[in-house]
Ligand SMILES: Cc1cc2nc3c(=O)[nH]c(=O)nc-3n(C[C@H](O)[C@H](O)[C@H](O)COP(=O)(O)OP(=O)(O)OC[C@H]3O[C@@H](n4cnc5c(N)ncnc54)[C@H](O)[C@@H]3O)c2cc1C
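Below, in C-alpha cells: the form predicted alone, a single chain.
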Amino acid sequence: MPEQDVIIVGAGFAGLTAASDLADAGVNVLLLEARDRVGGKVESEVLPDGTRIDTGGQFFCRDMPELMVLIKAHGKTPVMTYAEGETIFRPPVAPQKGYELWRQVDALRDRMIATKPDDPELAGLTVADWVARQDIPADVAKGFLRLVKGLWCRSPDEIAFTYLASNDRRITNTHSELEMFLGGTAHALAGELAAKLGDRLKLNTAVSRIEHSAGGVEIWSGAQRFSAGRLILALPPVAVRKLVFSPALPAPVDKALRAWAPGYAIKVQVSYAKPFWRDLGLNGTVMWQEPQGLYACDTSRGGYAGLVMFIGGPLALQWHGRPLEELHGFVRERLVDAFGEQGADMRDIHVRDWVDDPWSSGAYSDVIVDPEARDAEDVLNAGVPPIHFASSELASSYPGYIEGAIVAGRQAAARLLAAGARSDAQRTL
C-alpha cells in the first residue's frame, strides 16, 4: 500500500501551499525538494554588510489577495517601494513624453488582452507577428516589445501570441506589481510556511524517476523510494520535462509540456551608502528603451540603500556565462549614464543569474513558444491522474508571480480533496 496519500515534488510557494492545505485537511502528505532550501524561484542571500536581500521573486501589490492574506497571517509588514519623484528614461526624453509613450504601450497591452482567444486570425502568430500587424507608431511597437522582453523574459519572436494574451488577462492588478516588498524577504515567508510542515518536508531529495499506474505512484530519488496514492508536480513545465516517467506520459500531456521554454532573467542588487537619487528628485526607477529588457527601481528600506536591476529576455541570455567583472562594468555604465557619477559610487553589486537554473529552469516563469499549442495549459491543469501539475505558470490568476504560485498550489490541493484525498494511508486513492 502507498506510504503517503499525496507526495508533492517542489517546495516553491505552489508546493508549500498545496502541502499546507492538504496537511490542514488531515491528508498524509510528503513534500520533496531537490535543493537544500525551500522557495523555488524565491530565495535570498546575505550581503557583506549583513543585509538579507531577495535574489528571486520579491515584489507584489495589494491586489494580490492570497499573498496579502498570508503576509498578514504571518505578521509581516510590507515596505512600500519608493515612488516619489521623477522616473528616468533611457535614451533620454522629457518625462512627459516618456510617460505618454508608456501610456500608449499600456493601451496596446489592453488591445492584446481584449482579443478573442478563438479568433482564427490569431492562429499561429507570435507576439512579434501580432505587433507587426498593428497600426501604431514605431516607438510604441518598440516599447511594447521591450515590455515583453522585460516581463516575460523571452524574445517576442518566440512567444505564442494567444498564450501571452491569455496570460496577461489573468494579471488584473490596478496597482503596480512593484508596489511593495517584504523587508524581511519573501524567502523568509517561504521558510515560515516550511517550518509548519515539520518532518513532512524533505530537502536535498532530487526526484529523477516516476513510476505510475491507476493505483498510485512510486518516486525515486537516487536509491530512495517513496510511494503515494497521488502526486503533485509543483514544478515549472520545463523542469517536469527533465523527469523520467514510466510508462511515458500520454502524448497530449507530453506535447503540452514541450510547448514551453524557460524565461531568461538576471537580477542585480546594487548597494549604496544612501539613496542619493531621492535628493535629486528621482524615484530610482530607470526605464530603458535601449538596451531592451533592462529596468531598475529603488529597494531601499530601513538603514539599507539600494537599487535592483532586472535584465530580461535576450539581453540576459547575452550576459549569461560571461565574466562577472564584465557584467559589473555594464551595470556601472548604465547607472552612471542614468544618475551621473554618483551612480558609480557603489558599495556592492550582487548578481543572481537565473538563466538555465538547474531546478527552476529559468525565470520569472516558463512561457509557451509553440503557437499551435493553444490548449497546453488546460491539458496540464487537467493532469493525468494520479499525477497532477501545479506551478505559477498554470495559475488562474497572476501566473508567473508569487501570488500565482499560491493560487496554483491551492487549486491543486482543492482538486485532490474534492476527488477524495484523505489521511487514510492504508487506502489507495
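Predicted model, so just to flag it, every value in this text is computed and none were measured. Numbering starts at 1 and runs along the sequence shown.
The same protein also has a form predicted together with this ligand, omitted here; what follows describes it.
A single residue from the set Thr55, Asn28, Ser397, Thr51 has any heavy atom within 4.5 angstroms of this ligand in the predicted complex; that residue is Thr55.
Contact annotation: of the candidates Ala160, Leu235, Leu307, Ala190, the single residue with a non-hydrogen atom within 4.5 angstroms of this ligand in the predicted complex is Leu235. In short, of 327 to 335, 164 to 172, 222 to 230, 238 to 246 it is 238 to 246 that has heavy atoms within 4.5 Å of this ligand in the predicted complex.
Although the partner is absent from this view, Arg35 contacts this ligand in the predicted complex, with a non-hydrogen atom inside 4.5 angstroms. A residue is said to contact a partner when one of its heavy atoms sits within 4.5 Å of a partner heavy atom; Val207 meets this definition for this ligand in the predicted complex.
Proximity of Tyr401 to this ligand in the predicted complex: non-hydrogen atoms within 4.5 Å are present. Interface residue remark: Trp277 is not counted as part of the site for this ligand in the predicted complex, having no heavy atom within 4.5 Å.
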